[in-house]
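Next up is one chain by itself, shown in structure tokens, the form predicted on its own.
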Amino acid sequence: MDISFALTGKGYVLVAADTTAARSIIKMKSDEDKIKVLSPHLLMAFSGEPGDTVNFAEYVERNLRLYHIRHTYPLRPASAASWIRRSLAESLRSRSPYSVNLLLGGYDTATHTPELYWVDYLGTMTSVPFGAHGYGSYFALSLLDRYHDPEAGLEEGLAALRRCIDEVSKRLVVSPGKYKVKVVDKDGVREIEL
């Protein structure tokens, strides 16, 4: 029961994910970080099967780090998204596919633009101004469609994110209590409080 949201604004990408680790009707912990920092200007929110998500997130993190070591520069967000999509698509055609949905957000330091990519477990990828995965997406996508402004400042983006979280907590029967929010911009990745 993972819920993740992401949106772009003027020079930033906001990514939020719930912190609950649960299986069936059992809540195992409430401080799980489901947002992996891949490089100084790139992060990824993941959801899906618990073992697959952690393994795939660490696999991506290590391979992007290896690329950075070999070539002395990190992959840009679009290139990283393409590599991640291809890795998911290849795993789908193997004996052990990953069941992982991703929101990949990054700040391209070459073009000075924020970028957000929506990737599902089938290897489908698209560039989006906002996105969501999990049960929360049923409520959040319509709110983001109405209130998202690509030229909004960070405070306006946080207000739109709060609307999504409030709607999920109001309407979803088993809503998670806490969310972790991270932002990536020209200064890099940092965690912020809602």
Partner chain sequence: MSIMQYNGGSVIAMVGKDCVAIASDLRLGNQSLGISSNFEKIFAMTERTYVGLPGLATDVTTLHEQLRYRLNMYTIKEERTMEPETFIHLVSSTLYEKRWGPYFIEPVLAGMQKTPSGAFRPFVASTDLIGCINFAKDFVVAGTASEKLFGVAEGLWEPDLEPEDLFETISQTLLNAVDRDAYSGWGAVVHVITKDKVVKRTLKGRMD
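Quick caveat, the model's predicted, so the values are computed rather than measured. Residue numbers count along the first chain shown, from 1.
Keep in mind that the form predicted in complex with the partner chain is not shown, yet the notes after this line are about it.
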property: is_contact(H71, the partner chain) in the predicted complex, heavy atom dist at most 4.5 Å; result: no
property: A78 within 4.5 Å of the partner chain in the predicted complex, heavy atoms; result: no
property: The partner chain contact at Y138 in the predicted complex, heavy atom, 4.5 Å; result: yes
property: Contact of D120 with the partner chain in the predicted complex (heavy atom, 4.5 Å); result: yes
property: Stretch in contact in the predicted complex with the partner chain, which is absent here, among 57 to 65, 158 to 166, 123 to 131, 25 to 33 (heavy atoms within 4.5 Å); result: 123 to 131
property: Residues in 66 to 89 close to the partner chain in the predicted complex, defined by a heavy atom within 4.5 Å, in order; result: S82, R85, R86, A89
